[in-house]
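So this one's two forms of a single chain, laid out as structure tokens and tagged structure 1 and structure 2.
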Structure 1
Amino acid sequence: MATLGPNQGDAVRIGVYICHCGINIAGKVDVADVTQFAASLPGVVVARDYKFMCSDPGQELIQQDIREHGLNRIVVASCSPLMHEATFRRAAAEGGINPFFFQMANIREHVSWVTADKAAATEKSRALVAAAVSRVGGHEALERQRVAVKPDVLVVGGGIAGIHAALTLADSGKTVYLVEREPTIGGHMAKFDKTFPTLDCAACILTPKMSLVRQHPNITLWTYAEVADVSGYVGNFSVTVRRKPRYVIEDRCVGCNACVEACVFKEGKFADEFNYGLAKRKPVYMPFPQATPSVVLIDPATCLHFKTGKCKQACKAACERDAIDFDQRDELVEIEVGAIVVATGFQPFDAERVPEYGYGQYPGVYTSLEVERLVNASGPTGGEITLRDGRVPKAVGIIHCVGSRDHATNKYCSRVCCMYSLKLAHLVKERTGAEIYNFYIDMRTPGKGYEEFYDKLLEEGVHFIRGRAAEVTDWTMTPDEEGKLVIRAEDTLIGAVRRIPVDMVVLSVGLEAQADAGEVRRLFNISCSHEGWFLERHPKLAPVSTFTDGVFLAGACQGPKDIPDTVAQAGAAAAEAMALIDKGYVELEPNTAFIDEERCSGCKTCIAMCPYSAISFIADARVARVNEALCKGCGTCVAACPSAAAQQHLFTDDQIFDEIAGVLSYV
């Protein structure tokens, strides 16, 4: 059954190591008892317990025992194999045995951390150790297949995360494809006026990076494009990008806006997406003045040519460079990359989902992002903070935690709202002199210079009322509430319900996963939390990796975060991608399927099972054969084979039966 390596004798000689993990395991599991039990199992030559098996001395212990006791199989009972399997395989290899003569028993995540009773935890640990010992004897020596890594990188999403990751990679000499689904890069950050806590202008720090992306010789920028398909595996992804038609030839357009001037619509008539509908645009438009690339686009949903076919095409006539092309179609581009950085960002919470705050009902109620545009000098009002009726607000209420920390919407804290609320409070007060009232549950200002910013606001005379606002209403009770919106809230510091009349209500909306995060996740074969945030491989030790090797995360698609954290994470994702590519190759887990041709009856059952078309039928020999380069090691064909001819390395039938017998051999 098992093939032993060249340096081993015939007899299985197992070393078992029980890790204390400090008190993480030893606090709940009687490690001495488990060690003693392990020593009694058949084939076990040495059994030891040690404080930290993953430490250097722990690994050295294994290697020393391999030398002194001629061990040819190793079992470590410690944490999850997803955590340290690679560590111990390496230790075994350095000790001189094949790294796959190793099995791990997970007695931390699956035992000590989840079991209340000490005796039960010890018994369960024994069972898992017995299973590992039972299976490891049948392990075979395996070789990892080395595959060259494609040198290019795909970055998905052109917000600050994607921009920073792309620039970092491009500066290191990598060829980067940056795909953004909007017509311009910049993401949410491009819409902000100032950034907290330094109050430096968002455009001043972002737009230079945007134009660097455009100019960088190593970056291919595709805006108004989406990833349509991803196949392959770490180091060797094939990606199809769909470039949507903008009806403007990108290479010819110089962004002069002559077409926009010439459009038969003399004034903007349609809601401008960039300004959340606070301004109007024409069917042919530049998303915003600093849009990158500086190329216009035509919206077929509003353009007369597309709607009626009877437009005189003034835009086309006005273009000196003949850049307008009404016949553009979707274009599919195929690229090959070694690594992918997913930086698809967030979407703001839809304030209409909290009807008691009157968004969409009272014109004086705004979302924080709308107010970002109002305070922005290049926004729809040129930076003048005026209400929809043109008045300048004299009192403004800012309601925190809209769509955050709320069991009816999202339980999590969106992390950035306290700080951006403070920023907006400062900016609105500075520009209008209005009285500002913040309604908050808790002020959350952890971060460099953040608490100091809060202190500054307190000194500026901004009012803070601790309590979740109950409602926004135009039902007035006193003459001074006349014509105002009233925010009703319990002030939990004075223990009374207050009514604050204001002219403008700002809803500090939280961050949510993109509406199509589910589809994007499936495209890249990554997981997400139940809120829709993409799941990192490990919350602490692998925060930008995913469970799919070669796919990395950056920015708010992984969870709410502010700009400094986003940029830091984007740099980390770029570095991880670089490490993968600069290594030049990947070693694939040798858990592929194979077929014992002596046993194969040629029934072809397995062929239909394989989602990767990795199995073909060899007509001459009348047997099925697995192409190891295509096999991803799921084992579905193995489970289907009626003659047990199909097997999976590391998960052979015998190994699994041995493991089952082991977990059930209670003592």
Structure 2
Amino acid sequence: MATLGPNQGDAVRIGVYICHCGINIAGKVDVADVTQFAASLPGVVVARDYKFMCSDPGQELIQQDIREHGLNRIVVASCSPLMHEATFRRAAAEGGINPFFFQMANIREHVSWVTADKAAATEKSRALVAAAVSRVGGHEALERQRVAVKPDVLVVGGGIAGIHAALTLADSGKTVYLVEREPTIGGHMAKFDKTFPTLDCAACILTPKMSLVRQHPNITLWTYAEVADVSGYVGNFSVTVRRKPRYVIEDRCVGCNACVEACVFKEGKFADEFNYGLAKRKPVYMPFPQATPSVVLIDPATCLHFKTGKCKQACKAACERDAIDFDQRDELVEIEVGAIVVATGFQPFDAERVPEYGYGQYPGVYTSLEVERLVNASGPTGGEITLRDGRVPKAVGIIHCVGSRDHATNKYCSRVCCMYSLKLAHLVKERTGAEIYNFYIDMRTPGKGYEEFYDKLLEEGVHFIRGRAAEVTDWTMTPDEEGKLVIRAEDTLIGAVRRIPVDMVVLSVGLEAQADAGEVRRLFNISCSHEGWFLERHPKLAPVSTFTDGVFLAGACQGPKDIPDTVAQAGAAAAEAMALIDKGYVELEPNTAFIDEERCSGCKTCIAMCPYSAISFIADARVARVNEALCKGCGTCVAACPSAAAQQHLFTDDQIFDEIAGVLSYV
């Protein structure tokens, strides 16, 4: 039998509540037995079980017992505290006791979901309940602190997610700082010609929103800039933004391109990043005609002025507004914001990582994004689909799932590849009349109008071959393969290996997390999944929140998604940020660390260990002190302190020892 811990008084009156969680718990744990056992523990006045304790009737049951039985401690044995600890704390507070006179025992994730034997699961549940009862008597009456919230918001990333989030916040009256590391906003969507399944002109629906961002009085737009440092806490973030030099004064440039025309390089000589190297640009250039802001920039890696110092600076002489400034340097700007929306997007899979498809080896092999630029009227060929040798393709093979659903690269589905492959198949066939072959594993079209778009392609005569393509080769076996690329693939519907000769191969590359996602994760103190995507607080209940309060996720930085889902998530992230700021304050959890200054030796071990920079050294007193507003209650300093001077509310040594004593007394 469990007994009260040595540090607890005799006046505790505990209520214990065991949740069935439908059959999640009751299917493995004998709930009635655990309830009967709980009733026999010292200090327990009432013990009950209920099918769903988190429901309104379950919470009302707790509140009623607090009033009728004079309970001053509550224990709930149910699911993970991550799910419902806040729910039951509110129930305790509404019942009339301090919300931190509550302890939760996790008998779902820790017991029923991982224990096959019912008797063993019941025994383990008994032990965890005994531990919680033994511990809860030593809980302190804690209070949350309120901290005022700064009214401004930072949005990081200027793709469609960042644009939509920024406009939503700005339209609500918030001051928004939008930071984009590329010279223009627009992201990947700015490179598309059409969007599936409606075949809307991407530029027609995106560029008006880009212009709104530039013109909005509540949005400060910083392109060609990066977040260099983030400190502070929810509601009070201090952010340093590094603005890289364009060598052009933005306020003076009107995008007339006179400097581009005057450049000593009469034609483009360097690979155009916006067009994936399919076109050339000069050292001074505009990323694309609808770029926002409509400001040119100078690439110091290719400009003769920076490389040799011998350029005649014809671009500077041609600018009537004297906007060229070769002396620009990095500029650091510090801002304070209450919330941050991270919308840093994705990067396309590098097709060279699948060498059997010949990308980079055969000139007729393109990635899907390169073809997006070829079919675009503002692209390098003016929308004409021609091969690098100038020929119009008569047969095109589109290989799905390049870098997706593959144990050698990425196991996950990138969600958009099937649909954009169908879109490209339609556009290429429409403009060239070519025979189109789609090589797919499974056709995934789970969206509004998506299946209908697939049916439309079937009616257009596009060929679909079910099976992963094995290789792309120029090795020929028959006369009709001469001068062609051959896609060798198994057709699982007919049970045969096929060789399809084509003029052009399109690799439908998947979506990957940005290469610097790890650095960004550390900058904003958020988490990543093992694939590199930023991790949400909860996949169902908090899909745009992170484990760092006040930092929200929007768009494909959180995982692969199409434009409608990206826009929807951006709106949700903006709403969360808006709710935080409109409230005017945040309540800080009191499970923070604290220093017993009489025990503190001033060794400074805890200062170096704290991941939140929440501990400072007070030189006069030669002790460490914790800033409770910065502390997240991770407990690192408590574990590291050699003199046991560092303790943590809700996790003091006495409370942990009482919990252990509860388990041992039962065992």
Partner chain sequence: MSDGTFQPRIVAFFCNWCTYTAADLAGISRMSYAANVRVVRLMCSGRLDPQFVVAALRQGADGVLIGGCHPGDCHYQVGNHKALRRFTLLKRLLGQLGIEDERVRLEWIAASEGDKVQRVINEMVAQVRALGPLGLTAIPRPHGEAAAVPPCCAE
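Each residue is numbered by where it sits in the sequence of structure 1, with counting from 1. Bear in mind that the values here come from a model prediction, so they are computed numbers and not experimental data. Basically, rigid core = biggest C-alpha set you can superpose within 1.5 Å across the two forms.
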In this pair, it is the form predicted together with the partner chain that is given as structure 1
Is there a C-alpha shift of 2 Å or more at Ile595 between structures 1 and 2 once the rigid core is superposed? yes
Please determine whether the C-alpha atom of Gln655 is displaced by 2 Å or more between structures 1 and 2 following superposition on the rigid core. no
Rigid core fixed, the Cα of Val638 shifts between structures 1 and 2, in Å, by 3.6
Here the CA of Arg622, compared between structures 1 and 2 on the core, is shifted in angstrom by 7.1
